[in-house]
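Okay, so here's just one chain, in structure tokens, the form predicted alone.
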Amino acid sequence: MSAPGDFDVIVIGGGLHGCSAAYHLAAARLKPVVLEKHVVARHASSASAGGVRRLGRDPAEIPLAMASIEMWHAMRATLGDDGEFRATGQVRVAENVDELRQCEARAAQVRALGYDHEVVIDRKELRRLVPAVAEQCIGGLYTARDGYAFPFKATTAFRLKAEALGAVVKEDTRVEAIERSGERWLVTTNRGPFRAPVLVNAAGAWGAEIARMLGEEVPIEPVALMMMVSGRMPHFLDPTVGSMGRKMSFKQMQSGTVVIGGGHRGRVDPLTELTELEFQFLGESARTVAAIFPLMKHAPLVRCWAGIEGFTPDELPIIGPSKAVPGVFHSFGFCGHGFQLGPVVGSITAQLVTGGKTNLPIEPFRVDRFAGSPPQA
């Protein structure tokens, strides 16, 4: 008989990617355990903007994003909960002719890769989709099946379905040491030992620390991405809106509140896991929103926050098998745009664990692509 700490797979990290991996592993009839040092969705997975976005993806990510959008659309049927996913579309506005030309060049690039999901729209179509947009906006890029979801609820949906299928989630469980013991990994935590033949590193901004325990150096910078939310307003917007020339992510939730992001950074202490807001950048974000949506000029802002995310030098994630040790698979460092990819990367991880391969292209995300680069603090 197996000991209480024995599992088929140990997943380190209880964010969206860890919970998605746990679900897909459990659906494959394995018994995973998720080790989360705080609580599920503590950092980036609940503090993100929640964009379910193919629009503007790095070409290397497009195949994964295209597969993942189908999983988002099927999520309620699959998990019994859709994490409040709403396929309202996404728009990136152009405020001048140069930016509109950038839209056309981007759409042409995507078409050359064999995809047609990014469409250039003119002023008339932009105003049909986004009536409240400022007069200087003359068009943009549009993806019809993208949208947004509620990050904490989406993560929780994967967690609950994984647990229903036999996965175990251990919160307040901090990894202290990892060692190979025969054919299994022995993970020592503040709540005792856990053993499994396979280890999944889904530790987010702390993924490089776990990789280092396994003998792999990955340059990761912990970043505090800042967000703001307004008070409730009458409905005026359906799609999620970004900008070709400014840092902006803008969406109105069903409750009427408006969530504002765009990549402005606060300060982060990775040791204490505390963040500090940079209000001059939040002010810049507010001015951008007011310029593109004039009705926001007097909107009350009720809360600001920042979540900690890991950034790689090329702003692409680490996905795939360890190159240093057997039975280890990585899924971290999503650089502020991993939310949409959560469903498919969990599936990829389960495919790698159970069959040793995936039909999706993950070579651009290999863990050793920065070999020789010094790790970032």
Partner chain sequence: MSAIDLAIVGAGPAGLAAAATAAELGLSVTVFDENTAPGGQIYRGIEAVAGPRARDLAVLGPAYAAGKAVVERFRASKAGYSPATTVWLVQKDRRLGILRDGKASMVEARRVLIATGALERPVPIPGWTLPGVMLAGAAQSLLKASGMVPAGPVVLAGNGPLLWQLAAQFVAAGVNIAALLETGSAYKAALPHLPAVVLAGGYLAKGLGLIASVRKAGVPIRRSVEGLRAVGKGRLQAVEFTAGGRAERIPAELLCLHQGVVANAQLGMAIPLKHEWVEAQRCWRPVLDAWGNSDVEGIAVAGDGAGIGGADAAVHAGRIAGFEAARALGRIDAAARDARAAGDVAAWRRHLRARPFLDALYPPARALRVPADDVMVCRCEEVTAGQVREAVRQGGTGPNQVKSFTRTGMGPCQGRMCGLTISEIIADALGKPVAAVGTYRIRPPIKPLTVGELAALE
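Positions refer to the first chain, counted from 1. In this text the structure is predicted, and so the values were computed from the model without any measurement.
FYI, the form predicted together with the partner chain isn't displayed, but the following is about it.
Taking the partner from the other structure, the partner chain in the predicted bound form has a heavy atom within 4.5 Å of a heavy atom of M296. When the partner chain is considered in the predicted bound form, G114 lies well away from it, no heavy atom lying within 4.5 Å. Taking non-hydrogen atoms only, A107 never approaches the partner chain to within 4.5 angstroms in the predicted bound form. In the predicted bound form, the partner chain sits within 4.5 Å of a heavy atom of F152.
Every residue in the set R267, A290 and P300 has a non-hydrogen atom no more than 4.5 Å from the partner chain in the predicted bound form. Just one of N190, Q280, S181, Q136 comes within 4.5 Å of the partner chain in the predicted bound form, counting any heavy atom, and that one is Q280.
E276 is the sole member of E276, D122, E176, D98 with a non-hydrogen atom within 4.5 Å of the partner chain in the predicted bound form. Note that among 228-236, 207-215, 181-189, 68-76, the stretch whose heavy atoms approach the partner chain to within 4.5 Å in the predicted bound form is 228-236.
Applying a 4.5 Å heavy atom cutoff to the partner chain in the predicted bound form picks out S255, T257, R267 from 239-268, in order along the sequence.
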